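Have a look below at one chain only, the form predicted on its own, in structure tokens format.
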Amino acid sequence: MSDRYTSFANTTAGRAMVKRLGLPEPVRLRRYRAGDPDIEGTVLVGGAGRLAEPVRKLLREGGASTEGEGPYTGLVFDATGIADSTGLRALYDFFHPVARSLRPCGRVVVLGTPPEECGNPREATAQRALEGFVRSVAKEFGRGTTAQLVYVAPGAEDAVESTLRFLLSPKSAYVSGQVVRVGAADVTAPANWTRPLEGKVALVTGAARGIGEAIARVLARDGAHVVCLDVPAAGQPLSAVANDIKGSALQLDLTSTDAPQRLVEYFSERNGRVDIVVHNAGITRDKTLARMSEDKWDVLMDINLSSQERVNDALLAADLLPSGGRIVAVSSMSGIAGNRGQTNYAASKAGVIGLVQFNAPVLASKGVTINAVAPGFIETQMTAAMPMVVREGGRRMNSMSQGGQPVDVAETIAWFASPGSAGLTGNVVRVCGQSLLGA
């Protein structure tokens, strides 16, 4: 469904009117198109920590310039050298002179040290302060600018490239105000960053339409052979998606008792493994708790959460998810902030976050990462059916003043799925344009 307000606000008359009336001013976000470089233009790098020089080298090798006058496509500040609260002045000294020098849809990334891995309380205090700074910058700079904080663990300096490529690129158009943790890992960079998933086998559940379809298409664009899974009732659109991306279609009800075993047999016989598992399948059965039937609770919880646990257990037990494997689960802002009439849905999506956080250290010993994305208001058939007032509220209550697109969720999942993202596990990243809900 088109966003008529955003279209109007980007006309000459519309820009003048919304500014005069103090209304939200959404800009047209710049999104990635096949063939675009991940990083381009001039990215100014500041700070004097352990990451500044490696980041400059990485950016230059990626085709960006790190010298010259603005306007800049990105600002990167290495705050790992800040050892106490007085050192936070360095943030002001770097950003104040160039705050107005970012291009529209610019990128801001601050690099820090995880507070729990700092040497003393003063350093940890200063590093924790970075979160408030970054989230405020994400709300202040406007014009489609995003801002993120990346905590890089000591020893993880070589594991940050995939994350910088994503956060500084148009692929992260609707991701802002996020805190990402990168840990030490053995990283094998893709041979080709434009097709980082070449040779990989991916499973995407709920792939027949909407966000699932977008995920399947982006993973295929990045080189993966995608097994598109959905219920038999969605067989026709599922086959259309799979055929279009030269993938495979698998009709399967994940709540059936034999579903995990059937998945094991499928991948054992056809591929011998599955490198990437994306848990996207989900439903809503909204009612206030007092009016909710047992069936609405049970069916939703089984599809949205319990089936993910069963599938993971089966694939891991059968050794089909090898070292270097990736599990990515789709949560929701409802799982973070809650939502009236969605006690079942919010519980299931909060459970997905728990699934990620508590399985991350267990799977790390197998060389497998697990992360989650939490979409906010995304333009889909489901949100198009909302009452107009609710729909407009969802669109405007974020720093971008607009809804996201299914491809925004898909790009974030592709980042987690990359071979270069071995240092990312246990993360929950919101794809919500920095929603005011649950912030």
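One rule holds for the numbers: they count along the sequence shown, beginning at 1. All of these numbers come straight from a predicted model, not from anything done at the bench.
FYI, the form predicted in complex with another copy of the chain isn't displayed, but the following is about it.
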{"property": "Another copy of the chain in the model of the complex reached by all of Cys105, Arg165 and Asn371, non-hydrogen atom within 4.5 Å", "result": "no"}
{"property": "Options 335-343, 268-276, 195-203, 241-249; stretch whose heavy atom lies within 4.5 Å of another copy of the chain in the model of the complex", "result": "335-343"}
{"property": "Contact residue in the model of the complex, chosen from Ser293, Gln236, Ser256, Thr188 - any heavy atom within 4.5 Å of another copy of the chain", "result": "Ser293"}
{"property": "Contact assignment for another copy of the chain in the model of the complex, among Leu316, Ala184, Ala347, Ala364, heavy atom within 4.5 Å", "result": "Ala347"}
{"property": "Interface membership of Thr284, another copy of the chain in the model of the complex, 4.5 Å heavy atom rule", "result": "no"}
{"property": "Exercise: Ser323 in contact with another copy of the chain in the model of the complex, heavy atom 4.5 Å", "result": "no"}
{"property": "Contact test in the model of the complex: Arg122 vs another copy of the chain, heavy atoms, 4.5 Å", "result": "yes"}
{"property": "Partner proximity in the model of the complex: Val180 to another copy of the chain, non-hydrogen atom cutoff 4.5 Å", "result": "no"}
{"property": "Sequence-ordered list of residues in 143-165 near another copy of the chain in the model of the complex, where near means a heavy atom within 4.5 Å", "result": "none"}
